[in-house]
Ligand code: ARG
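Single chain ahead, by itself, as structure tokens, in the form predicted on its own.
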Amino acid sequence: MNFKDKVVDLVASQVDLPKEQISQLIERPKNEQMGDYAFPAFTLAKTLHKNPALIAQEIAAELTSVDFAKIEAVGPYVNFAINHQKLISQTLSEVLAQQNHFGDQKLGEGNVPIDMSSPNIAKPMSMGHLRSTVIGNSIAETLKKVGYTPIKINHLGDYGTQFGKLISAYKHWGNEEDVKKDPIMNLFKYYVKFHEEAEKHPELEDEGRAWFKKLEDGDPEAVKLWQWFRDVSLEDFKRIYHELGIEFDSYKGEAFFNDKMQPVIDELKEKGLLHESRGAQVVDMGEDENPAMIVKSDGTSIYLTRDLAAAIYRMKTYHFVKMLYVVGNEQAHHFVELKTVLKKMGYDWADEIYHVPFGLITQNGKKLSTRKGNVVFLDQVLQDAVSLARKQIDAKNPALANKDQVAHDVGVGAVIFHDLKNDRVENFDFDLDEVVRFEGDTGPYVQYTNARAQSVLRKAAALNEQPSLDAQIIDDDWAFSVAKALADFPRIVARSSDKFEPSVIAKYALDVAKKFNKYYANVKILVEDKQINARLALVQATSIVLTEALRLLGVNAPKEM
């Protein structure tokens, strides 16, 4: 049982409120000198017709517990100060016993498909793709830790009018030899050129749409070119995913659902949901709302048509308990339409579809755009991050073994961590020099803290000292601060999984790292006295939790840096 549960039980013994309500009322005082938990008596004032401060005094007077060093009324609050030795002993015992399973919980079960990353073929992966990829991956790892079975789906953008435009561009300016030499970059150049030329020659847009119609109708030349573009793109994407340490369970993209759309359109017709509007086939969304377009006036499908087919396919295939779409803020209306149409079709499971939105990565405050060629390539950013990490490692620890691997883990980890430490709905500016710093609120700072803990444990092993709680327990304020933070890890994991918010874990990892570094600066750990093994237990527990927190973010934790 955790200490908050103990507070709830104590309060419940004195007040006539359900434990669930008491638990929701419990607060954490901003000033730790006031205690570790606080119960506000305001709620009881109405029913008891008493001053909340008097109620708090009456409750506190009746409570004693070996788990708490102090229980006292402070104004309208009952404050609980945890017994330092109890918390440190209990927390370290649990972490050392459970190792990387500390924080595992059974908050749910069943399949959770996560639609994430999903770059468009024939375009290089840009920094714009980073967010969906790493946010989705972290959510998957966190859901797995609390009992679910995540299914990572890369719903490739491999269909739509843009591929008609790309085929048109290739027919005008393409060269097979050039594409074979550098597939992605050359296809990307053709795509950018198409949009530049289309501004001067609008008829090109009609030509692009015509090629897409040919592709939908199975024209052999269109299909052959499209398949080629898809194959070379996927090969390049997988190379970058390998750099990020991310794997997918499915690469079924939009094209896979091409033959699954007509049954959906037929079903909408049968259920009387589809009607014509200005030549297009639409579904009404209700009063004051624009209808949802299902088939365009030229007979082609759109994203919504394919997403309806995909959602129905995924339910039939995975029987999911939830389905997540990790897609930018700007697509919010699309997912409102998706859920509304599915509900109108009678699929109540649409209530368990969640859009997990996120903000933009900007550079110097400006949005990145693929169409205009104003793009920062993810591949290049990762290479530059690893180079920057390598330079700092060479300066700090020139004799380090496995420098290349460590530089990779630190550089790539820095880029991932920087993305995830930001609340996902916020926009943020990207400056690589800031991201790969070993000091400040960065991934390398957390990794370096873990490496520091591992260094202490190696030195202790050389002295034949091992982490253990058999000896006298520690109870100094620095150790208590670290242990209290470690004890919070299961709650942090639960909160992150509930909100689909990796930043909760990233911010927590920074907090643990800062508290441990204060402990390291103020306590002589390797002094051979009665408490050395307990101090080493705290060091090892910190390393275990930091390593696991980083893993949930998709970041490796080198043991030396």
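Just count from 1 along the sequence shown to find any residue number. All values reported here derive from a predicted model rather than from experimental measurement.
Not on display, but discussed next: the form predicted in complex with ligand ARG.
4.5 angstroms heavy atom contact with ligand ARG in the predicted bound form for D307: Because a heavy atom of D307 falls inside 4.5 Å of ligand ARG in the predicted bound form, the answer is yes.
S455, heavy atom within 4.5 angstroms of ligand ARG in the predicted bound form: S455 lies outside the contact set for ligand ARG.
Any non-hydrogen atom of G160 within 4.5 angstroms of ligand ARG in the predicted bound form: So G160 does not count as contacting ligand ARG.
4.5 Å heavy atom contact, H155 and ligand ARG in the predicted bound form: Judged by the heavy-atom cut-off of 4.5 Å, H155 is in contact with ligand ARG in the predicted bound form.
Residue among Q90, Q392, S481, N120 with a heavy atom within 4.5 Å of ligand ARG in the predicted bound form: It is N120 that has a heavy atom within 4.5 Å of the partner.
Residue among N397, Q363, S250, Q331 with a heavy atom within 4.5 Å of ligand ARG in the predicted bound form: Contact residue from the list: Q331.
Heavy atom contact within 4.5 Å of ligand ARG in the predicted bound form, the stretch among 110-118, 438-446, 207-215, 92-100: Going through the listed ranges, the match is 110-118.
Residues within stretch 318-357 having a non-hydrogen atom within 4.5 Å of ligand ARG in the predicted bound form: Contacting residues: Y325, V327, Q331, H334, F335.
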